[in-house]
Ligand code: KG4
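What follows is a single chain, given as structure tokens, in the form predicted on its own.
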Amino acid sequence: MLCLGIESSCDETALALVRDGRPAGQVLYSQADVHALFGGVVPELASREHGRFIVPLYELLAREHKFSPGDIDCIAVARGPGLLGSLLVGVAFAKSLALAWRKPVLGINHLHAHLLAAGLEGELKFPAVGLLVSGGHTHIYHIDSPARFSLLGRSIDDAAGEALDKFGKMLGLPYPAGKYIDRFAASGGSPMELFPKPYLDNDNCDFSFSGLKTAAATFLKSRPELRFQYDEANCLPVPPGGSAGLELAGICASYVHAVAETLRIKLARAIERIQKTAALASIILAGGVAASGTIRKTLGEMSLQTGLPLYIPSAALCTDNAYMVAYAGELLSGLGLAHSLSFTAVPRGAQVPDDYHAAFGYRAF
């Protein structure tokens, strides 16, 4: 089976091919440099850029990988959650191809696609507990199969990635700041307990990182010397010299440690709840923030403690990409599912169906 995947949920425009569960080619345009000028993603600008690039990218994919419409078995597109204007570009393009080619089309939950992405590199074991950690979402799912997800916990304000980016902004780092914080934290030695692990004094699996962000802002307010400078010649942030630089590395390590430990504690809580009534076969960690070395190490240690294997996509599959969308589409198509052409984009904050078998708009074909 050959599935064409389309991703346009935020600031990456991507199209990819997945053949029989393995990557078969991708083209991707990232708007990160455009939005860095504004310190974050500008929704109107993002949708305009998707509109500019989606057709040329499709033409490039067809040229480079030499496929024709007749070779495609199904089309998959990220329908949400995400920026509504951006999603509409991808959904409209996917529907147009499906109508013109008379091919089945599937609207994919962007978050589910992240969690399934590790399956592109090896067989996943279900049922699983999945932790999705990205700039806009921090969710925990009980995953019975690629078609059945149950939401156990979610971010109720700032997601983990958003908390990292905002902390980076306080330090003078460019957007997106998470990768710089993680890289610099690695040189900070053993992390100190400088910051609280937020929203743990409860019995739920939800996340709230706004308190951590506020604690960091309060801490840094009296220490203006703890800031990065930007080296324009080399296009890199540079830490202050001497003891201030060493202290800043430790502060970054402490902040990432607080995020990682919060994720671990909430995930352990979810695992304990699931295992009271059902068996688990694995843990899945995914999303852009899953590229963090600290978070990978923390969850790796947890995997050893629980005896559950941990699946994490490679770094290239952690960030938004079309391979994960095409792969999710291929799995669902293999179950005989597809959408009617009446399906719509679902923006951030709205509920995207977690059970594809029961979802309105899906049909067997």
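This structure is a prediction, so every number in the text was calculated from the model and none was measured. The numbering used is simple: start at 1 and walk along the sequence shown.
The same protein also has a form predicted in complex with the named molecule, omitted here; what follows describes it.
Each of G135, G178 and V289 comes within 4.5 Å of the named molecule in the predicted bound form, counting any heavy atom.
Proximity of H110 to the named molecule in the predicted bound form falls within the 4.5 Å heavy atom cutoff.
Contact between A76 and the named molecule in the predicted bound form is not found at the 4.5 Å heavy atom cutoff. The named molecule is not shown here, but in the predicted bound form it comes within 4.5 Å of a heavy atom of D182. Contact check for D320: a non-hydrogen atom falls within 4.5 Å of the named molecule in the predicted bound form.
Residue in contact with the named molecule in the predicted bound form (any heavy atom within 4.5 Å), chosen from G80, G161, G90, G130: G161. Heavy atoms within 4.5 Å of the named molecule in the predicted bound form map, among the stretches 238-246, 191-199, 207-215, 163-171, onto 163-171 alone. For the stretch 20-42, the set of residues having any non-hydrogen atom within 4.5 angstroms of the named molecule in the predicted bound form is empty.
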